[in-house]
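Next up is one chain by itself, shown in structure tokens, the form predicted on its own.
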């Protein structure tokens, strides 16, 4: 207990604050990609020892200290309950959809929206990148959004319209959304690697969106012979995002495409791209379907803390809204 409280008292916030790391060791670690407490915490003593040229016993101590600083330890079920009560939520703009999600999009969780073209995946992402900026009492987090676009679907015109619909200053809203186009899967992974440093420097980042998470992986690793490599890279990428959400208390939203299942005779003949890797990664999975006109149907497919259910919402000029009776 004494050692843990001592670590907490020192308020370790970066790798340079860890015991036994001098300037030379620090530069070696950063050069080898160990630039954050999170990257140190998940390293093996052997890898850290080799990267920094330090004894394994020193590496073990550094890793232990990083884990304590990040509060990675055994916790009681009561502690987990108390943590969950502190989870924040972002409104999607529709009471019906918020209700389905248990109050909105959660921090410390990765939420996946999947569906066919035109089902509203990108519209929800654009709406959330505006709504995260709302005051807390309006369903926002007074924070910024990072938008990673892999398919070129981001539209600033929609951001303007949604901001106006929420009574917000359009230029301020757009200035709080950091956009980047990922050109391939390696670039996509590298962007998320860099995000850690961005979030440390700017803790007001409260939402990370990847629209879509799977398109580059699917295009670059086509065919059964490449399936294992694709799933391995995709798995690493998804867990990058999950760690970001948990450690920095932010919401992560990804979108995903669907593909046809010709062997399916009953039920829904489509399934999300990504296979079992995606089935087990996100905390919440929501399927979107087109309905009549501008109506869309959202259905909870997988969420350990949410009951199964559906919600109907509409996509209007001003964004995501409830269906008017």
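Numbering follows the first chain given and starts at 1. The model shown is predicted, which means the values in this text are computed figures rather than measured ones.
A second form of this protein, the form predicted together with a small molecule, is not displayed here; the remarks below concern that form.
Asker: Could you tell me which one of 315, 301, 15, 311 places a heavy atom within 4.5 Å of the small molecule in the model of the complex?
Answerer: When the small molecule is considered in the model of the complex, the option within 4.5 Å is 315.
Asker: State the residue from 218, 158, 88, 144 whose non-hydrogen atoms include one within 4.5 Å of the small molecule in the model of the complex.
Answerer: The option sitting close enough to the partner is 158.
Asker: Go through 90-98, 166-174, 109-117, 196-204 and give me the stretch that gets within 4.5 Å of the small molecule in the model of the complex, heavy atoms only.
Answerer: Residues of 109-117 come within 4.5 Å of the partner.
Asker: I'd like to know whether residue 121 contacts the small molecule in the model of the complex, with contact meaning heavy atoms within 4.5 angstroms.
Answerer: Output for residue 121 is yes: heavy atoms within 4.5 Å of the small molecule.
Asker: At 4.5 Å between heavy atoms, is residue 257 in contact with the small molecule in the model of the complex?
Answerer: Although the small molecule is absent here, residue 257 would touch it in the model of the complex, with heavy atoms inside 4.5 Å.
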